[in-house]
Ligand code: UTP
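A single chain comes next, written as structure tokens; it is the form predicted alone.
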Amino acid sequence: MAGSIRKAVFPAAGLGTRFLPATKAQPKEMLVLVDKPVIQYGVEEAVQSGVENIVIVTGRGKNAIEDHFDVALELESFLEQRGKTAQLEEIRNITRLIKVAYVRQGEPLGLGHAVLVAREFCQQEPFAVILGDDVIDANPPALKQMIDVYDKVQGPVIAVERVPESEVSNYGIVAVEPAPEFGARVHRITDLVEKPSRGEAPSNLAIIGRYILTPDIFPALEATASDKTGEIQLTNGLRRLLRDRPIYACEIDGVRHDTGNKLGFLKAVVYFALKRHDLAEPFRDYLKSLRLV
């Protein structure tokens, strides 16, 4: 039986300027955490949450993403001839993960615009949006936690996380009121503010890279003006939608890594390496041996 959320959108048209020069010729989504590109963590989360189809919103220079999720006949033949069955099965599993489609975002005009570009794919059903930069280690998966909330509230659900007050200006922040009928980690949103100053932030609940949206987000985004950078912000579109229907926040139970900045990326590499049974012990010994601090 199909789940309530069958589709997910992966915006991946950004230029990745924070990681130059590494991203001059490869997408930031293909930067590797241990032995998997960042975007694959999000795709695996979608699969584990019951999603059946994804669309990746790409731009110029993103062909490596399409190649990664495509069949690699020459590589498979090489591994098969060499008897490398474990590696062969691993790369075959990548293409078996999920049905993948692609749509181009001609210009990177903001997250709201990326969602609009995926409108035809989503059609008239609820869908998830997964931002690959946020890699979340959670059980059950972060998106599955949100889908469970969606099934109760039957409306848009936004993933949130409590952040230090000193960091609120880096995020979209939500104002909330309790919604105890839906669980202790669920809140009813009363307002959304994009990157407020510390003194103006209505809470320390920050929007992180997971959304479950309903089709009425599209007309709301179409009616949303571009900001001073020329981008359509999804937060502003959600604020407009909030006039017409309830929107809920779900505090995710898990460990989030913001791999969209260098420090967060490095922390994620260490975290996931230490979770690997084949790497944890020697890597931990190596870290202890360092005399760099």
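A quick note: this is a predicted structure, and the numbers were derived from the prediction, not measured. We number the residues from 1 along the sequence you see.
Below, we turn to the form predicted together with the named molecule, even though it does not appear here.
Remark: none of the three candidate residues (142, 256 and 268) comes within 4.5 Å of the named molecule in the model of the complex, counting heavy atoms only. Here is the short version: of 196, 183, 155, 108, the single residue with a heavy atom within 4.5 Å of the named molecule in the model of the complex is 108. Residues with any non-hydrogen atom within 4.5 angstroms of the named molecule in the model of the complex fall in just one of 200-208, 127-135, 78-86, 144-152: 127-135. Proximity of residue 24 to the named molecule in the model of the complex falls outside the 4.5 Å heavy atom cutoff. Mapping the unseen interface onto this chain, residue 114 counts among the residues with a heavy atom inside 4.5 Å of the named molecule in the model of the complex. Interface residue remark: residue 15 is counted as part of the site for the named molecule in the model of the complex, having a heavy atom within 4.5 Å. In the model of the complex, the named molecule sits within 4.5 Å of a heavy atom of residue 29.
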